[in-house]
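Below are two forms of the same protein chain, given as structure tokens: structure 1, then structure 2.
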Structure 1
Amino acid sequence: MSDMTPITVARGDGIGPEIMDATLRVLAAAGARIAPEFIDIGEAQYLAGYSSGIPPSAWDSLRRTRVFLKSPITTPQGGGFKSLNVTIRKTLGLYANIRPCVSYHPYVKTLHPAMDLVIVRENEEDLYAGIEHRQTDQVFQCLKLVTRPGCEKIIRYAFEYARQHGRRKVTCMTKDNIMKMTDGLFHRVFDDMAAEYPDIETEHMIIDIGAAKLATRPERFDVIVTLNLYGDILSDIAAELTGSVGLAPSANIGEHVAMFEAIHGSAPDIAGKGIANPSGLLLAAVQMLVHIGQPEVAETIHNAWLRAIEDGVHTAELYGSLSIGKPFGSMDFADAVIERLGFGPEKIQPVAYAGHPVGSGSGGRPAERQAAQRLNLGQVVRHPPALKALVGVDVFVHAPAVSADFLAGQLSALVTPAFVLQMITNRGVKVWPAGFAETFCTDHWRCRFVAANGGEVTHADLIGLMQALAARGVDFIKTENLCTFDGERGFALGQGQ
């Protein structure tokens, strides 16, 4: 039928098939207009020889439907299997990871009953580019890559998400007091974009104090946008604080494809028993329905689910004094949600994706908390390239058991008319000229050469420098060009410079 949206569905491993069957049962009963296409990914595919756990036919389906509802999968132990999630995320450009973290007090134990926040995590860049090298005997390196289009995409997403979900505040977290260029770019883009959203309150926090505040007063946050690594850590802290890791969904959104899943794993310890809680996947499916433009179905399911939780319909791991009857199995839980379709919670605030209050409860989300159909993200604007000038080079040198002064003497004696040695750092700290004897030095030296005439150098000059270094037996391991962009320095000073 034409109004059916095709979606790709993976039933996964462990408890995956059980929670997927329960989820699809609720979706069908609620009238979700979806046409599932099932793919096999995960353990069996790894063992069949697909090193990333996903066969070519599965990619075909994903590229056709562009919407993926995924159960947890098991990565076999050992054997160097690649993470399926990382492969899917990177291959399909799923740049935004969205994690709502909500408390369901008193039905789920938590110290933070008023917590209701969403973490918007950049998903492709930062230290996760996976570019790592052992450079010397002692030193290992991981490159942190942050791009302007990457920052613009994720920050735009956070603001649009906030606006369309009626959220009032976006908090940006970085460590730009230390990483002035990479994290500094993220912060700058945030500040620039904030001006386009005067209806939304904005703030910036340094990640360490931000994480501390999140852990102690999570209710003060609404939407948090941050870089990949910080987001990874923050979203686990936040999910844990709600006390309901087993209930939490996650969405991975790209320009072309989106993937929806529970945050928990395949729970092999309870697989096949029919007792797993399908809530994380069901709430992921709710996010999916909003994404594909069926907010009214999403809202009906979400409110029925809230009502079930409130009524004491609890699976075994939530079972407690507020639960009714015996612990519900996965399918019984699904049926209990289905019975409540059309009803909302009475004590917990109902959700309103479709822009109208539901349920018989008091309160309700603010009227402006309206539907997010597909977000209005626009196109990433490609800025005209800045005028670049090459003004020097950092040469990284492997030199064990030498002093900075000795190395400086050796390098200063090079015949390189184009360059002068300006400084040497060790692990970023200036050790020449005028270093401190107390600074601990490794075998890894960054030697900064700048244009002797105070202006520009050429690539041919760089090659001349490399040849001079090689002729003197200097073990250079890498170079980084020093450039200015529209006259602005494109490199950090050494600490102490």
Structure 2
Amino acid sequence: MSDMTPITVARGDGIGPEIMDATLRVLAAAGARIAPEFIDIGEAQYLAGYSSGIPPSAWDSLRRTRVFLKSPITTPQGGGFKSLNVTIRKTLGLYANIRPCVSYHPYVKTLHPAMDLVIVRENEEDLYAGIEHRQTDQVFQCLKLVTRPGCEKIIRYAFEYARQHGRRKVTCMTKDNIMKMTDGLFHRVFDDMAAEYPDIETEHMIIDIGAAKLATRPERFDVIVTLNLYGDILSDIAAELTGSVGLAPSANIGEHVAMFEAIHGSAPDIAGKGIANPSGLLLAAVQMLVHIGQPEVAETIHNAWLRAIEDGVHTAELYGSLSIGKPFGSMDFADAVIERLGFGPEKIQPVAYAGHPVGSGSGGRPAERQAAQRLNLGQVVRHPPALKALVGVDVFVHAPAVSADFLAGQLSALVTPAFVLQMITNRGVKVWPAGFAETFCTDHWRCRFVAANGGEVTHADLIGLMQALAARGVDFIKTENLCTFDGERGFALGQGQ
């Protein structure tokens, strides 16, 4: 048993147990050298009183094995408990989400037969930090957090992945024409790092036109690297373009732990019917086998799966004119893959792992020719701190049924020699001074105070301002300090400022 690799396994919610049982059956038949440790997470654990959806014993297993094969978990929508998937990724530092999206034309119906791309999604930051507040009767807030180390890690991963897998191009997608500081940082790091990879073609696209081109011409892309929310949306679009989200695997890679899962959800509407497609989880398990150093088993399973798809072994959502018999159920599909272990596809390009040469055939799939060795990622560079200067403060105020001019009059009357009121915005748009009557305003106002002398202020000055606001009965919600870093403005202008 010494050559058996311990892995943590969660059977999940909804269709999770069915597709996990099917996947483990294939792994066992193929001779995967794994020793599963089963944990219970998800819906049942929420109901048992664990608000995170995961008990301490499960964390112990994950930290011990450092490899996690996970079925889908049900995440409440619009309220309730926090997403367990996000909690696991962030807690264990799984910063890189790798989602290959490949077409299997003509055996899986698709409008894009030449599609073969990989989406490398940042996995820990962005709006998925989940820091949300209700600030007034009318306004709710979600904070978007983007860090330089986070950008550097995921962009480095994308370039190293492309180089190791023979990919020709890396495309960065952001919305930095609007979010100039957060998305702008991601774009700047991408441009800086691209200079280190002259052998790889690079491009940047604004996310909206990038998504449009992905939907209509996915074959023009090779590797896409992007922020968390964009990557989540793009990878589901790309997976569906191949013919079915049910075929898409996902690897979540960190410095210490890796998690492998299908990208689809728990599908409670078909749970217990035995008809779910286990392909996404099975191909995620293939990624896992490569990761733990069993590329020969991964290759055997993947090629058997390709042969099954090529032979018309299709579950219900793939069923069509090239299918054989009735739609296959989860376990029947697994058995069909097992019957083909040791055989490869005859028309689809076979896959090869761990540096093995790729077999002959048309339509090579470099995204599937993964190597078992680790990527050369190096260490995140810790940049020296910038010279930081405090030059003002944004005070967010709850003030219903008032005008911007009225609020400005109240705030300008404050006795605060350190500050002057420079601007008021509502939903980011400047409404004072010289606002427009046509601008719709809510009860949530950003009031920008800057140093009266045009220079710096102190934290004691900030406290004095808050005391003055409180004395006048101003309902301030929060503050954001305005700073410069090495003389560069560290805050955005208001729209219209």
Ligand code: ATP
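Take the two forms, find the largest set of C-alpha atoms that superpose within 1.5 Å, and that set is the rigid core. Residue positions are counted from 1 along structure 1's sequence. Computed from a prediction, not measured in an experiment: that's the story for all the values here.
Trainee: If I had to pick the form predicted alone out of these two, would it be 1 or 2?
Mentor: The chain shown second - structure 2 - is the form that fits the description.
Trainee: Answer yes if the Cα of Leu117 shifts by 2 angstroms or more between structures 1 and 2 on a rigid-core superposition, and no otherwise.
Mentor: Leu117: C-alpha displaced by less than 2 Å between structures 1 and 2.
Trainee: Is the C-alpha displacement of Asp176 equal to or greater than 2 Å between structures 1 and 2 once the rigid core has been superposed?
Mentor: It does not, since the Asp176 C-alpha is displaced less than 2 Å between structures 1 and 2 after the core fit.
Trainee: Superposed on the rigid core, does the Cα of Gly428 end up 2 angstroms or more away between structures 1 and 2?
Mentor: Where the cores coincide, Gly428 shows only a C-alpha shift between structures 1 and 2 that is less than 2 Å.
Trainee: How many Å does the Cα of Ile263 travel between structures 1 and 2 when the structures are matched on their rigid core?
Mentor: Displacement of the C-alpha, rigid core superposed: 2.6 Å.
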